[in-house]
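A lone chain, given as structure tokens: the form predicted alone.
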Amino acid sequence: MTRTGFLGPRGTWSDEALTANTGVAEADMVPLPSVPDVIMAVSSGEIEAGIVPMENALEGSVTATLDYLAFEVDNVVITREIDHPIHHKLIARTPMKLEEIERVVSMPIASAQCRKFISVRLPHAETVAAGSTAEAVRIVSESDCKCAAIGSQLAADIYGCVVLEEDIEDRSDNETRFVLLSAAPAPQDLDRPYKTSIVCTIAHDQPGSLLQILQEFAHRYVNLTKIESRPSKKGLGDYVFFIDVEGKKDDAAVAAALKCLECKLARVKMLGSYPVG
């Protein structure tokens, strides 16, 4: 039995991604109030695994996930990547016309993925934040007001609501990259593509710091799939770099690059070396 946490309640996109892409039984799925709660529950051993959103095709990285993995825990690693399509629905308790809707409830990142629809089709409606898309649908299912939620078909089914409009996201190719987390590293012997994710911290800001990092991979022909800076939480202008590279951490070229970076940088934190989605 592997108890796996996800952003709850039932019916979130994390729930749907977990259900659609893993063999985790419903009895072993543990809904939690927030993304940080999922990460901290894995860290404390309250649950054996967790799934969290890492990046959305329209809105970019999920900063809560990056920051907690980089700064708040040292015993949690990424073990698998899952790319899951996101097709938002406009959901209401009962059928109604769009011009009747006074309030749109959803998680802010979901509302942001539907900016065009809200602006063009619901310009008169107030946008209200909820902790998750499923929580938004639950709120709407229990309300008598003229409101609608942005969420998944799964949430609409769970909470007995109706779908007013299908696929309201700004682009039809919208998807979110989720990662599975555990205290134990992913096995390195699977015959499939891998990705290795690290966080690089430089000792102090100096010209060429980023170039110094990139050259270690370039000289060894290791392909980078992502590089992103985030505040280090130490002060304005101080940053760390999140880097994803193709390959396993034990591949000769990747291992050599990491070893050199560990000698040159203040810190290199391994976030995981894992099968890609």
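In this text, residue numbers run from 1 along the sequence as written. What you see is a predicted model; the values in this text were computed from it and never measured.
Omitted here: the form predicted in complex with a further copy of the same chain. The next part is about that form.
Exercise for the section: Check, residue by residue, if Arg177, Ile227 and Tyr239 all come within 4.5 Å of a further copy of the same chain in the model of the complex, counting heavy atoms only. Expected result: Result yes, every residue of the spot touches a further copy of the same chain.
So if I measure heavy atom distances to a further copy of the same chain in the model of the complex, which of the stretches 94-102, 123-131, 183-191, 141-149 falls within 4.5 Å? Only one stretch passes the 4.5 Å heavy-atom test: 123-131.
Do Gly60 and a further copy of the same chain share at least one heavy atom pair within 4.5 Å in the model of the complex? Looking in the model of the complex, residue contacts with a further copy of the same chain include Gly60, since a heavy atom lies within 4.5 Å.
**Asked** Closest heavy atom of Gly160 to a further copy of the same chain in the model of the complex, within 4.5 Å or not?
**Response** Judged by the heavy-atom cut-off of 4.5 Å, Gly160 is well away from a further copy of the same chain in the model of the complex.
Under a 4.5 Å heavy atom criterion, is Asp251 part of the interface with a further copy of the same chain in the model of the complex? It does not: once a further copy of the same chain is placed as it appears in the model of the complex, Asp251 has no heavy atom within 4.5 Å of it.
| Is Glu48 close to a further copy of the same chain in the model of the complex, meaning a heavy atom pair under 4.5 Å apart or at it? | Flag for Glu48 set to no.
Sequence order please: the residues of 61-90 with a heavy atom within 4.5 Å of a further copy of the same chain in the model of the complex. The stretch 61-90, when checked against a further copy of the same chain in the model of the complex, contributes Thr63, Ala64, Asp67, Tyr68, Glu72, Asp83 at the 4.5 Å heavy-atom cut-off.
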